[in-house]
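In the block that follows, a single chain appears as structure tokens, in the form predicted on its own.
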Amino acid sequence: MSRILTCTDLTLSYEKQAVVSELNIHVDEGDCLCILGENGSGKSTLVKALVGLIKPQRGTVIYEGLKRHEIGYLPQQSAAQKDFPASVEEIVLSGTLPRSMGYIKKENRLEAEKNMELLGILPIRKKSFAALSGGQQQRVLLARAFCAAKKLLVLDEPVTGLDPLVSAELYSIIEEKNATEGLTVISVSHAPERACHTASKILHLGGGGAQFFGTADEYLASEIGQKYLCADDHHHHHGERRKVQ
């Protein structure tokens, strides 16, 4: 297993407050790392640092055998994105652009087509992004991230606000890419139960640092994992559990 990413003594601040301090984690090729934690525990800030959008206050994020533009990134949905004046196809294709240097080649089009088909959005490829439902928009942005991701896919709560069936479907497409293509995935999740089924590693943030970093099995056996999963069970009605599997 070759290492793809190492964070050493990583300290990140948000509005002058340290939200993540002294974080040490590593991700290997083919890993599926799930980042869990309460709201405000620094999950989004960490993800932004991993994709190079914010600079660490201290410590390092080091990539090995991976260039910045080989990372597919799906940020949290913002209101600005929703009114984006472009077609579905244009947005998905833009994921291939860093590699095609602005000139779209045939293989870029084929790749975009393959990912649109995978996410069920080929029939709406000519539609305006702004006219789509939230679930369709998320499919478009995920297809774009797939086009950009040569080795690593970084997702910040990819299914927030989507209904459970759509969420389950999008997660299984991501898991499939991880399992069959060996695509490394780092995902911030609000679904700890799902994460524990599918992730190879779990990072639980809280109180300014890593409260846990290790395998999913270790997390399930840990005090923090059990506490968090129990709390999560009370939040969800129990019917959802059977539907997801």
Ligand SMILES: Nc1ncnc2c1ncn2[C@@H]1O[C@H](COP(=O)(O)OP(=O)(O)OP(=O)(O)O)[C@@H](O)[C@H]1O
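All residue numbers refer to positions in the sequence shown, first residue = 1. Quick caveat, the model's predicted, so the values are computed rather than measured.
This protein has a second form, the form predicted together with the ligand, left out of what is shown; the following refers to that one.
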Which of 192-200, 39-47, 56-64, 177-185 lines the interface with the ligand in the predicted bound form (heavy atom within 4.5 Å): 39-47
Ile25, heavy atom within 4.5 angstroms of the ligand in the predicted bound form: no
Contact flag, Glu111 vs the ligand in the predicted bound form, heavy atom cut 4.5 Å: no
Contact of Ser94 with the ligand in the predicted bound form (heavy atom, 4.5 Å): no
is_contact(Glu89, the ligand) in the predicted bound form, heavy atom dist at most 4.5 Å: no
Contact check for Ser2, Glu70 and Ala149 against the ligand in the predicted bound form, heavy atom at 4.5 Å: no
Within 152-181, the residues that have a heavy atom no more than 4.5 Å from the ligand in the predicted bound form: Glu157
